[in-house]
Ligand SMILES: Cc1ncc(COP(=O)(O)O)c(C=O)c1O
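Quick heads-up: it's one chain on its own, the form predicted alone, in structure tokens.
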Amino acid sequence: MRGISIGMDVADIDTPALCLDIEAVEANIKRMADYARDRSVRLRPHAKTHKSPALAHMQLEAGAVGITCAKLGEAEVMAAAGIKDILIANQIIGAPKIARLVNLAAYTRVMVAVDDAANVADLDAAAGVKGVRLRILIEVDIGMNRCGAAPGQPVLDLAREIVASPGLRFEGVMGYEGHTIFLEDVNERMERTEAAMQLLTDSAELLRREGIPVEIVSAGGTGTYFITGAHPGITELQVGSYITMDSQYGGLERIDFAYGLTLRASVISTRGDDLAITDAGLKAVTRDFGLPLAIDPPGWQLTALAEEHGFLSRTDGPRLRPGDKVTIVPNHGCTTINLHDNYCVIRRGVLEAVWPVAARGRTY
């Protein structure tokens, strides 16, 4: 990586640079692992956030039973790094991707989500040709109105199709309460998340009453982990952003993980004492949920992002001049990380390692 050497001070790293405070990351991993252990719920963290086998291995060493991925390409990266138990929490559609999926199943314990009987038939046929038995979860739409079978009878009908398919192994159900995770009122967040979880666990119980074993009931997001993980019948958590955190989650009540991910940027121009322009724009940090948070030096606020530039406005901070460095917390870590090739891994202000964002761009 250009402009850096191991052991250098973080202040000397060339910018823009995506940095991991590895001590904060380690503390976040431990905190979530301890929570899951205390609640007797399994942890299967979502690698779509960090896209890093190194971080995934740290989560596994802390007690996670496996890793969740959003895309088949991410799962292939994780498998190549020696991770065997992988959930792809998404539908895999079409012959080219299904061929890759069953090949992956030949040397990993991969699971995949389904919500459609025709897709079940395609997966079964491909698994039979390959000579593997593919693990399956039914995704249940618990209120997000994205993917998923409707709760209740449609889930039962689909489960019967899976159980009757010799190339498939039915493992359970999953849902995502993405419509509740960012609710600022914690009581509303709890109420609506509990209602979503009840739809999921009721569907699982319906299958069991009909003689279909359900081993896995999987859900969870960073904004709702303490609700979902405590709901009776939930067996696995798919939380992702907690490991690095971002300012969107950091502003929520009862979400107290440390900021482990920052973007270092340099001031390249100023207009008087109250406006500073940085070298980190939309190609270095995203604004999916709003503008990122400037934290160092204090007293400056990020007010706009252009393609190559960030705009900082002074509230009561120190004077900035070209060459000064600023530290920014991304508003959305998942999409910001995907813009970068590498992490600068920082421990106590010193560059300890450079890790590739190995699953960057694996949208296929």
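Nothing here was measured: the structure is a model prediction, and the numbers come from that model. Throughout, we count residues from 1 along the sequence that is shown.
Missing here is the form predicted together with the named molecule; even so, the following discussion is about that form.
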(message) Since only the chain is shown here, I'm wondering whether residue 50 would be in contact with the named molecule in the predicted complex (any heavy atom pair within 4.5 Å).
(response) no
(message) Does any part of residue 238 reach within 4.5 Å of the named molecule in the predicted complex? Heavy atoms only, please.
(response) yes
(message) Is residue 229 near the named molecule? Define near as a heavy atom within 4.5 Å, in the predicted complex.
(response) no
(message) So, residue 167 and the named molecule: in the predicted complex, are they within 4.5 Å at any heavy atom pair?
(response) no
(request) Sort through 234, 162, 89, 214 and report the residue having a heavy atom within 4.5 Å of the named molecule in the predicted complex. (result) 89
(request) Would you kindly say which of 84, 254, 271, 146 lies with a heavy atom within 4.5 Å of the named molecule in the predicted complex? (result) 146
(message) Checking a candidate spot here: are 46, 174 and 249 all in contact with the named molecule in the predicted complex (at least one heavy atom each within 4.5 Å)?
(response) yes
(request) Choose from 190 to 198, 174 to 182, 95 to 103, 124 to 132 the stretch whose residues reach within 4.5 Å of the named molecule in the predicted complex, heavy atoms counted. (result) 174 to 182
(request) Output the sequence-ordered list of residues from 218 to 236 with at least one heavy atom within 4.5 Å of the named molecule in the predicted complex. (result) 220, 221, 222
